[in-house]
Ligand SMILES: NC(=O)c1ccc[n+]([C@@H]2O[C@H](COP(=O)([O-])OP(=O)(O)OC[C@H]3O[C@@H](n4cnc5c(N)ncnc54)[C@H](OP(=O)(O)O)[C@@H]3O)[C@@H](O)[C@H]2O)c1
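Below you will find one chain, with nothing else, as structure tokens; this is the form predicted alone, and questions on how it binds or moves follow later.
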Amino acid sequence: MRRLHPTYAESAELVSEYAYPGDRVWVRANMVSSVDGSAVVGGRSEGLSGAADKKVFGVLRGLCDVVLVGAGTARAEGYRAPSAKARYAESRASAGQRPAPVLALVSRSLDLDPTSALFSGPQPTIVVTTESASSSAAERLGDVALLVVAGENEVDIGSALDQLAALGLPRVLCEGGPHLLAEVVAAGRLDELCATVSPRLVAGDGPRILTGRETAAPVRLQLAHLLEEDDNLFARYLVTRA
């Protein structure tokens, strides 16, 4: 994988390129879109991905403490709870991280199957929900998940992120979907966006990588690096704050 910016390099070391800035709370999002802006093909992002994108995806998973994703996206994309990878065992241990990242699902309805692969990881999956969620559904999930209550009727994503940090999970990787990422941005909690541009044209009415709630004003980004492989572009942007 080549680095095109800020300096050119024929081979970029991905773990260094995507290293988190210390152990403070840091919210990184990773999203893929086609050249014409669609975040899905046939309702899923999988059709936009390829070997190069999966390589970056694996590194981002290997570096984070927690993978934050909307329950709908997790179901549509066939998510599983993350497992430990030997490649990252030493670096995670030296950084005081758990062997594998924790999966955190955002679900207001708690419409989740406790027997699914979402709850089959080496450590309990976290489910972020609201005070108004069904008590019977919460009880059904209680044996397989750690419930984090954030907000009364709508998920308060800021509170959720604070609670994840209090659980020892400050390095957040938000994998969407587009509605959840829009909530993170609107709450002013996004620190970094890793945006893959897939060399495909899709057309149709698919969502953008952010869909739903608008921000009060456009969020300004600064390009930290730009990588390229197999005609895919991998941009890492930092959110600039006044």
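Keep in mind the model is a prediction, meaning the values are calculated, not measured. Heads up: residue numbers just count along the shown sequence, starting at 1.
Omitted here: the form predicted in complex with the named molecule. The next part is about that form.
Student: Please name which of the stretches 133-141, 165-173, 100-108, 117-125 has residues with heavy atoms lying within 4.5 Å of the named molecule in the predicted bound form.
Tutor: Of the stretches listed, the one contacting the partner is 100-108.
Student: Quick one: of Val27, Ala39, Val56, Val67, which gets a non-hydrogen atom within 4.5 angstroms of the named molecule in the predicted bound form?
Tutor: Only one option qualifies, and that one is Ala39.
Student: Of Ala76, Leu146, Ala95, Ala89, which one comes within 4.5 Å of the named molecule in the predicted bound form, counting heavy atoms only?
Tutor: Residue within 4.5 Å of the partner: Ala76.
Student: Is Met31 near the named molecule? Define near as a heavy atom within 4.5 Å, in the predicted bound form.
Tutor: Contact with the named molecule, yes.
Student: Does Ala81 reach the named molecule in the predicted bound form, with heavy atoms at most 4.5 Å apart?
Tutor: No, Ala81 stays farther than 4.5 Å from the named molecule in the predicted bound form.
Student: Could you confirm whether Asp113 comes within 4.5 Å of the named molecule in the predicted bound form, counting heavy atoms only?
Tutor: The answer is no: Asp113 has no heavy atom within 4.5 Å of the named molecule.
Student: Would Gly62 show up as a contact with the named molecule in the predicted bound form if we use heavy atoms at 4.5 Å?
Tutor: Residue-level check for Gly62: no, no contact with the named molecule.
Student: Taking heavy atoms and a 4.5 Å limit, what residues of 176-193 are near the named molecule in the predicted bound form?
Tutor: If the 4.5 Å heavy-atom criterion is applied to the named molecule in the predicted bound form, 176-193 yields Gly176, Gly177, Pro178, His179, Leu180, Glu183.
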